[in-house]
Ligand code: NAD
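Next up is one chain by itself, shown in structure tokens, the form predicted alone.
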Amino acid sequence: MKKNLVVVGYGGMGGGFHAKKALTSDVVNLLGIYDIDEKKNELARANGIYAYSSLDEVLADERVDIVTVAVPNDSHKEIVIRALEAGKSVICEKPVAMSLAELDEMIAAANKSGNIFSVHQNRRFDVDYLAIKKIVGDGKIGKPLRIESRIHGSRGIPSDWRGEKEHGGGMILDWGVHLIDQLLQIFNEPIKSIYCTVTNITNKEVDDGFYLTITFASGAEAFIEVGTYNFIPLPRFYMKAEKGSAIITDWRECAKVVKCKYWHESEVIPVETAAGLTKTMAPRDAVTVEEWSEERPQSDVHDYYRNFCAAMDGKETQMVTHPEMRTVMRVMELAFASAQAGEPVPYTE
């Protein structure tokens, strides 16, 4: 039986994604939406969707099983807690909160209510991420030593609340939350330290880009770069592993994998460069390496909702857990702390 859903916030994600997906869902039924902007409520009605007159009306409706919160980041906590206290299960857009302290209040409310509460980490369904995760899982090129994850654009921060500090704007909270979550899912080991620097090329109030290195207890590194002033993007993923390398140039492309079969060659032919000869940087040949392409995995982002509904019925464990939400939030907090201090900071809870 489908769960009844109300989406709070009828903007880009609320209207353009959550409500739209719900209209054709096999697990949820869209009861309606609510937005503080009456123009957006009118737009929803024009699209044949019921628009509630207030949040109070949403929470008082006993038919509502799930509330999806898709409003500016600084408004998440109040709405999430109110919905949980009203007996609803809650999906919150990312970042789930403005701080770890806020998130802990939300988790406490969820535990007290006994309802399911999670953050919408839809980027766990990105096919480029799933390809890298599969390569790591297959183990054909060994454990990853360093994975670099990049998102590059050239249009700056959107000219809305995402560029304003009071509403939780900036790229760490906007895109960093996704890329951090992805790489923590891949490495799944204790974090040792965080080092972050930020850029303010197009926006002086919040970060419009950043460089983040997460060092793990094993010495492995996850490097994340987000830029909004990059007119030539670097590869989406690059991985250096124990026995080879992998690269995804663009999310629309297959992963290229190179495995080292033999470390030494009997005779290395020097490469002639403009400044002289080099053996160190001489290319490999087919004798010592094996190359292949990894096909793009199949993915359905609505599996997030399917899992959430199954978790409500006690049939599955929720996909994005409270401990995972806390770790991502803490990494982002420490990224800001590192950027302010200008040096690496140890990972602490």
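When you see a residue number, it is the position in the sequence shown, counting from 1. If you're wondering where the values come from, they're calculated on a predicted model, not measured in any experiment.
In what follows, reference is made to the form predicted together with this ligand, a form of this protein that is not presented.
Screening 79, 246, 186, 98 for any heavy atom within 4.5 Å of this ligand in the model of the complex leaves a single hit, 79.
With the partner omitted from this view, the residue of 229, 211, 125, 161 that lies near this ligand in the model of the complex is 161 [heavy atom within 4.5 Å]. Although this ligand is omitted here, in the model of the complex none of 146, 225 and 338 has a heavy atom within 4.5 Å of it. Segments offered: 133-141, 115-123, 197-205, 149-157. Contacting this ligand in the model of the complex at heavy atom distances within 4.5 Å is 115-123.
Proximity of residue 37 to this ligand in the model of the complex: non-hydrogen atoms within 4.5 Å are present. Put simply, residue 72 is close to this ligand in the model of the complex: some heavy atom of it is within 4.5 Å. At a distance threshold of 4.5 angstroms between non-hydrogen atoms, residue 102 is out of contact with this ligand in the model of the complex. Interface membership of residue 181, defined by any non-hydrogen atom within 4.5 Å of this ligand in the model of the complex, is ruled out.
Contact annotation for 1-26: residues with any non-hydrogen atom within 4.5 angstroms of this ligand in the model of the complex are 8, 9, 10, 11, 12, 13, 14, listed in sequence order.
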